[in-house]
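For reference, the chain that follows is the form predicted alone, supplied as structure tokens.
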């Protein structure tokens, strides 16, 4: 779908884009193909796309032979997508708030395609356990969507997403840098960054006011922590970064006995004066193995 086609569709349907929904549509064919290539798709894959808009990425995903569930919050665009792509057998469309949908499915998210969506029609073949997220995410909800998926033990095998460059840098940040923080660690526990490229604002319509990038996150196999330890990890990093300029030891005393913390700090040779922003993912995971649940 070219920029001209995109403009014509919006004009013909009298569709005014809504800034609050983060409606900046990626139209550049080269960038769309780079995103699909980064997803390393096969015909056996199941793909979740969030915020398909007018469907230029959706069309490329379907052309690869994958099964696609697209979640679109804007009812006007959902109607258009049903008319344009609804006849394709591998396509399922859900008119819903993607973050709310994922939160509702948090307990049974084996795959978002494991059962027909309420409005999706006949989509009965079972989905494989592994699935992928490929999306130009609405920037206002990109971080909570990624965290929701990353903290789910049955999250996607791969996530290839377009978001603000600032957020992508925070995800891929190294310790003791300004970008390193809670988002880095919540995603880093189960995923590692395996690619990142910038996308110029001119590739979107309308052009966003911020810089953009596509980041690829690949699920860690095997996981760094088991499910019990992972819950401890989430509690630790949230508390440790609740006031990032304060000493981690003092912050963690709110939730754990001081003697247990002292033993863990001593064993891992962490200074009691250390701030969380200087502690690596690897040290955090080792630390959480030593703490009681």
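Positions refer to the first chain, counted from 1. Keep in mind it's a predicted model, so treat the numbers as computed, not measured.
Absent from the display: the form predicted together with S-adenosylmethionine. The rest refers to it.
- Within 4.5 Å of S-adenosylmethionine in the predicted bound form, a heavy atom is found for all three of 22, 96 and 141.
- Not displayed here, S-adenosylmethionine is kept clear of residue 148 by more than 4.5 Å at the level of heavy atoms in the predicted bound form.
- S-adenosylmethionine is not shown here, but in the predicted bound form it comes within 4.5 Å of a heavy atom of residue 50.
- A residue is said to contact a partner when one of its heavy atoms sits within 4.5 Å of a partner heavy atom; residue 224 fails this definition for S-adenosylmethionine in the predicted bound form, lying far away.
- The shortest heavy atom separation between residue 77 and S-adenosylmethionine in the predicted bound form is within 4.5 Å.
- Exactly one of the stretches 186-194, 97-105, 152-160, 166-174 approaches S-adenosylmethionine in the predicted bound form with heavy atoms within 4.5 Å, and it is 97-105.
- When you look in the predicted bound form, the only residue of 264, 38, 230, 26 with a non-hydrogen atom within 4.5 Å of S-adenosylmethionine is 26.
- For the residues 137, 133, 85, 199, the 4.5 Å heavy atom test against S-adenosylmethionine in the predicted bound form is passed only by 137.
- Looking at 53-90, the residues that come within 4.5 Å of S-adenosylmethionine in the predicted bound form, counting any heavy atom, are 53, 56, 71, 72, 73, 74, 77.
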